[in-house]
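Presented as structure tokens, the chain that follows is alone, the form predicted on its own.
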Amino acid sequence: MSQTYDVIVVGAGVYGTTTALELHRRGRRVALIDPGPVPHPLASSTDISKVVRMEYGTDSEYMALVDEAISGWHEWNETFGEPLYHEIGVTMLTRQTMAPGGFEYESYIRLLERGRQPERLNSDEISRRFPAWRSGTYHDGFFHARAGFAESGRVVATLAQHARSNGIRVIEGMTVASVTTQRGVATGVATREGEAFSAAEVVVCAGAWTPWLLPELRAVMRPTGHPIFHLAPREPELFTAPNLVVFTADVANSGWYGFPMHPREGVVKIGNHGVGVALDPEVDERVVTAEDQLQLRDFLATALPDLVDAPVVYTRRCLYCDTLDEHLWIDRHPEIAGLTVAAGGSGHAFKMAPLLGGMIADAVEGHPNPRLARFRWRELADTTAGQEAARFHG
């Protein structure tokens, strides 16, 4: 097999697979390299589901981006002939009345401005339509139908198989140790297994491993781990859509979000989109702690009481590649020609999957794309605060 390509993409998560497919569509000879298996069980782009939602508080630019991405999710369902994306809607609930400045209120207003039709929910309506919620805990919020979840692990596996069937070489079982350069120009990659691959362009889509592969990014990117729980409810129907849909539960003040019964796995998945814990992806275990479990049970007791005693059948600590400002990072390296970095998903990039490959390919080829200005290579101070509006920064 050839060791020389037009483009080598490092990392076969959602960034890497979409990039490889788009560059191949543009006529490039592409190799996709990953430690494997794909989807990698320790990577961000795995597990059974990821939220797909337009709501970003005051951030109309992200809202527009995801609105377009959702159209792409529907196209993927048709292309691949199976429901990788399930549009069952989302509820965004608040303990207090929605008010200006709050994530839910600002999201609701911008949905209306965009011509969407979110349905305002009071306490009685929440109890009537979604009976799993403890009556009286959440007093306000809304339901938005243009939202749902993607079966994330299956998405990546499907994209990787699609890449193989289109002639892209997907190389599993190799870990890129370094990007090779000559006189300030990227010339390929070297692996820990002793292999060398040459290319005119290298794209690093290595998620939380990116700042380890490119140490110059360690000042602006950091891996963090966030608890995920799969629960087996004793009354599955109560937690099956439409009785329960994708939800956020006063999320900017608590971090809690989750999903209804999964159509294949038969579990309710709940996670916390918060500060997380710092992790070294090379050496640290992805352990969900006893304290994490207690916090989950406290949340369930006040919010979803019929899950309080439900068995937790699986846990994982989802790995984010956080940029300090929590915006994506997609740009050509300022000092190494032929090297592009696409990382920094910060726990909210997967929903944009149908658009990621196009944006990253435009960065690789230097094509104008107004969306890339926000994700450019940038200097960030240690004190830079995260700006993703749905995230609990407490």
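Keep in mind it's a predicted model, so treat the numbers as computed, not measured. All residue numbers refer to positions in the sequence shown, first residue = 1.
Below, we turn to the form predicted together with a small molecule, even though it does not appear here.
Visitor: For this chain shown on its own, do Ala69, Pro223 and Val277 all sit within 4.5 Å of the small molecule in the predicted bound form, going by heavy atoms?
Guide: Contact check failed for every one of Ala69, Pro223 and Val277.
Visitor: Of the residues Ala303, Val155, Cys318, Ala147, which one places a heavy atom within 4.5 Å of the small molecule in the predicted bound form?
Guide: Only one option qualifies, and that one is Cys318.
Visitor: Where does the small molecule sit in the predicted bound form: which of 333 to 341, 361 to 369, 44 to 52, 23 to 31, heavy atoms within 4.5 Å?
Guide: Result of the contact check: 44 to 52.
Visitor: Does Ala232 reach the small molecule in the predicted bound form, with heavy atoms at most 4.5 Å apart?
Guide: No, no contact at 4.5 Å.
Visitor: Is His327 a contact residue for the small molecule in the predicted bound form, using a 4.5 Å heavy atom cut-off?
Guide: Close contact is absent here: in the predicted bound form, His327 is far from the small molecule, nothing within 4.5 Å, heavy atoms only.
Visitor: Would Ile228 show up as a contact with the small molecule in the predicted bound form if we use heavy atoms at 4.5 Å?
Guide: Yes - in the predicted bound form, heavy atoms of Ile228 and the small molecule come within 4.5 Å of each other.
Visitor: Would you classify Thr175 as touching the small molecule in the predicted bound form, given a 4.5 Å non-hydrogen atom cut-off?
Guide: Flag for Thr175 set to yes.
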